[in-house]
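Coming up is one lone chain in structure tokens, specifically the form predicted alone.
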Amino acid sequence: MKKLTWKDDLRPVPFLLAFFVAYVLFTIYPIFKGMQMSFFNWTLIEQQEFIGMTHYINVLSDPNFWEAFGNTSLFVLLSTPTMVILALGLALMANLNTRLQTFFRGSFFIPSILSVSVISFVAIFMLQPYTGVVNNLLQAVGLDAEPFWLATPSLAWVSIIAVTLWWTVGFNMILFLTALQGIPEELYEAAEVDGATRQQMFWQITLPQLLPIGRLILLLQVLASFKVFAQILLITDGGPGTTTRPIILYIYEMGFQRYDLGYAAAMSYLLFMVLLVLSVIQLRLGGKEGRML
């Protein structure tokens, strides 16, 4: 066998160089630039004086920051467990050996390929009072009510969470479905020989086999939920008032509407620290080696 030389090791470098330069410019460099901005009074046009930790201190005493962080945490707590359970249920349904298997898989996954602007427009159209599809359906089944889905804080949260679930559950369903199809048939055959019921097979075989992918989905969903932004911006714009404004929307307002980029960068890094801590906790809970799969 021919021995590889250092020239052979360097041969892939030209092919990787373009990606490496783009990755440094658009991912690595903004990370350190954002950290630098958080220590300055920084407008959209120019850098001003160095102020140290002032932005971080001001953020921690900002009631709007804590309100937005509370809204985001509420969204995470309500949407994440619902998303995991719903994705598992849909995956089990899509894994059934029926004539509707292809229909289930397609109809559950198709919403996840739509853009956020499309799903937001559909949501606004369906949730309008007096003319919206949802209110007309409620009245068609005999409910004499005219809910203002996007103008009432509690109903606005219900609407946002429902739209987010409908839009994104397909991706998680695919992950569960892939894991389901990887479970060895021999386990079910052996359980059937031992006289186990389908319910016992689910609790003793299916669910334990899905735990690793479930942990991964939980981690991804927590991270994604903390970054919720576009659908809320387009559907409620953080309203009524600021009752549905998440932390990313508040960062966006401070950075690109009030042009206080240093303050926005400080909030971004505080959110980054929260996500980092949550990720480490979840990885530690995933096992002694911190492996999700």
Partner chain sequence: MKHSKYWIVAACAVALLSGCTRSADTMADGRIKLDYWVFLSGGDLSYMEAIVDEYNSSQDEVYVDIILQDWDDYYTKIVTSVAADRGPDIGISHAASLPQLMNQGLLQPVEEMMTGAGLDFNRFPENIRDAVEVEDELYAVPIDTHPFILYINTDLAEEAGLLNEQGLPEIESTPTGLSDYFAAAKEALPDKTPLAISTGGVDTYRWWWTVYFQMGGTPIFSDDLREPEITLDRDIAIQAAEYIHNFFGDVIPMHIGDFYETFQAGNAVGMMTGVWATGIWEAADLNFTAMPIPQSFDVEAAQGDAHTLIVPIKEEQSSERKQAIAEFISFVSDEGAEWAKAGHIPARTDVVESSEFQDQPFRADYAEVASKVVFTNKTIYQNPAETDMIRALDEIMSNRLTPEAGIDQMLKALAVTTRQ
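Predicted model only: the values in this text are computed from it and were never measured. Positions refer to the first chain, counted from 1. For the two forms, the rigid core is made up of the largest set of C-alpha atoms that agree within 1.5 Å on superposition.
The following text describes the form predicted together with the partner chain, which does not appear among the structures shown.
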item: Contact assignment for the partner chain in the predicted complex, among L137, A190, I110, A151, heavy atom within 4.5 Å; value: A151
item: Answer option from W66, F26, F50, F256, heavy atom within 4.5 Å of the partner chain in the predicted complex; value: F256
item: Candidate stretches 143-151, 88-96, 196-204, 217-225, one within 4.5 Å of the partner chain in the predicted complex by heavy atom; value: 143-151
item: Any non-hydrogen atom of Q36 within 4.5 angstroms of the partner chain in the predicted complex; value: no
item: Contact flag, P129 vs the partner chain in the predicted complex, heavy atom cut 4.5 Å; value: yes
item: L44: touches the partner chain in the predicted complex, heavy atom cutoff 4.5 angstroms; value: yes
item: Proximity of T54 to the partner chain in the predicted complex, heavy atoms at 4.5 Å; value: no
item: Contacts with the partner chain in the predicted complex, stretch 233-247 (heavy atom within 4.5 Å); value: D237, P240, G241, T242, R245
item: A18 C-alpha moves between the shown form and the other one by 2 Å or more, core aligned; value: yes
